[in-house]
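First, one chain by itself: the form predicted alone, in structure tokens.
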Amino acid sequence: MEVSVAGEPFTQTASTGYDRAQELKAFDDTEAGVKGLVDAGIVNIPRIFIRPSDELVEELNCQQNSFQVPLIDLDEIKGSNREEIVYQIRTASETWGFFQVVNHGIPLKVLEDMIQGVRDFNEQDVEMKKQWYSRDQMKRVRFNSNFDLYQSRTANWRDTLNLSCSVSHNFDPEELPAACRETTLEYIKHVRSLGDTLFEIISEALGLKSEHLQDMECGGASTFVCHYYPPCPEPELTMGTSSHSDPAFLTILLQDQIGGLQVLHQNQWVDVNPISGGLVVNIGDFLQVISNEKLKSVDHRVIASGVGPRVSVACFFAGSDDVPPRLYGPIKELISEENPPLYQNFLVPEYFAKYAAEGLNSKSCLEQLKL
């Protein structure tokens, strides 16, 4: 079957003589992403997106559950309720690795405008988007579909605008796409502030001084990953985002009201249901390492859907961007003879390089750091 994507041919190869590499390149060369396939009117998804049969069978055996991700109200975080909030975040971070927050201080309009800005970027003329299309991971602003397209077992049904920034190097507004420029700059400012607050609380939850994680520059560099999940004609065959844990200290996620995010808890997939005005927070791999496994970085995923588009914006706090890079490892105040270090020290750029080389749905790089 051949369809036209943004004016270019895209072939769905029959199972006989299937050339996966050719199909990946044909899709990538369109620079139109998954939305380009949907706009072309495809009825059957290309084979590069279809999950292996063993995964599909395993999915049929998934049990329903009634678990709910912890919800934490950050109201009065600077007042009398702080001790209780620290306790709730410690418990959620130790047992779930995930929680949702409300009354976090970011205005609802800022959240709604950010979601709309991502939609506006993805739904503009494809030729406008193509000027941002790149697989060069050194580019601070880039658009593509599946950062690990050529490494992944199966491609995911999503397109992504990736924005990398740091405290020492703010964006020149002209670096950002006009379709979402103002909303993005405003959102970045608010989320960085919330990140500072959460690092204070998590420091206290670990029994450390409130400034400890900030002094380690855990929130120094951040990456904003804006995902756009078009409606899928065969959602049962693919994934929006494959199961993975985050290569970061902390993630703050804004999602729209469509849903689809799931977290692995007690070997079961639990829906992280959207809450109006709420944000999802999860512990990343790096925080699991430096907490010496007191806090948990857990697998999560996004299921594909026949409705949409779904939009989400993840802010990954990825540590110092100093040159030479800072060495991270288990915090000395958290280890002892009775609680020896469980991980070796690591450099963030090296961890990122391994993560990018292995792809999203590979075994966690965390295992390679274990002593």
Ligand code: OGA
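A residue's number is simply how far along the shown sequence it sits, counting from 1. Since we're looking at a predicted model, the values are computed, not measured.
Here the subject shifts to the form predicted together with N-oxalylglycine (OGA), a form of this protein not shown in this document.
J.: Please tell me whether any heavy atom belonging to I50 falls inside 4.5 Å of a heavy atom of N-oxalylglycine (OGA), as the geometry stands in the predicted complex.
T.: Because no heavy atom of I50 falls inside 4.5 Å of N-oxalylglycine (OGA) in the predicted complex, the answer is no.
J.: State yes or no: in the predicted complex, is some non-hydrogen atom of D246 no more than 4.5 angstroms from a non-hydrogen atom of N-oxalylglycine (OGA)?
T.: Looking in the predicted complex, residue contacts with N-oxalylglycine (OGA) include D246, since a heavy atom lies within 4.5 Å.
J.: Using 4.5 Å between non-hydrogen atoms, is F346 touching N-oxalylglycine (OGA) in the predicted complex?
T.: No.
J.: Taking any heavy atom pair closer than or equal to 4.5 Å as contact, tell me whether V302 reaches N-oxalylglycine (OGA) in the predicted complex.
T.: The answer is yes: V302 has a heavy atom within 4.5 Å of N-oxalylglycine (OGA).
J.: Tell me, out of I89, V191, L253, L206, which residue has a non-hydrogen atom within 4.5 angstroms of N-oxalylglycine (OGA) in the predicted complex.
T.: Of the listed residues, the single hit is L253.
J.: Find the only residue in A314, I331, I42, L342 having a heavy atom within 4.5 Å of N-oxalylglycine (OGA) in the predicted complex.
T.: Of A314, I331, I42, L342, the residue with a heavy atom within 4.5 Å of N-oxalylglycine (OGA) in the predicted complex is A314.
J.: Going by heavy atoms within 4.5 Å, which of 304-312, 23-31, 55-63, 318-326 lines up against N-oxalylglycine (OGA) in the predicted complex?
T.: Only one stretch qualifies here: 304-312.
J.: Suppose contact means any heavy atom within 4.5 Å; which members of 257-278 contact N-oxalylglycine (OGA) in the predicted complex?
T.: Sequence-ordered list has one entry, L261.
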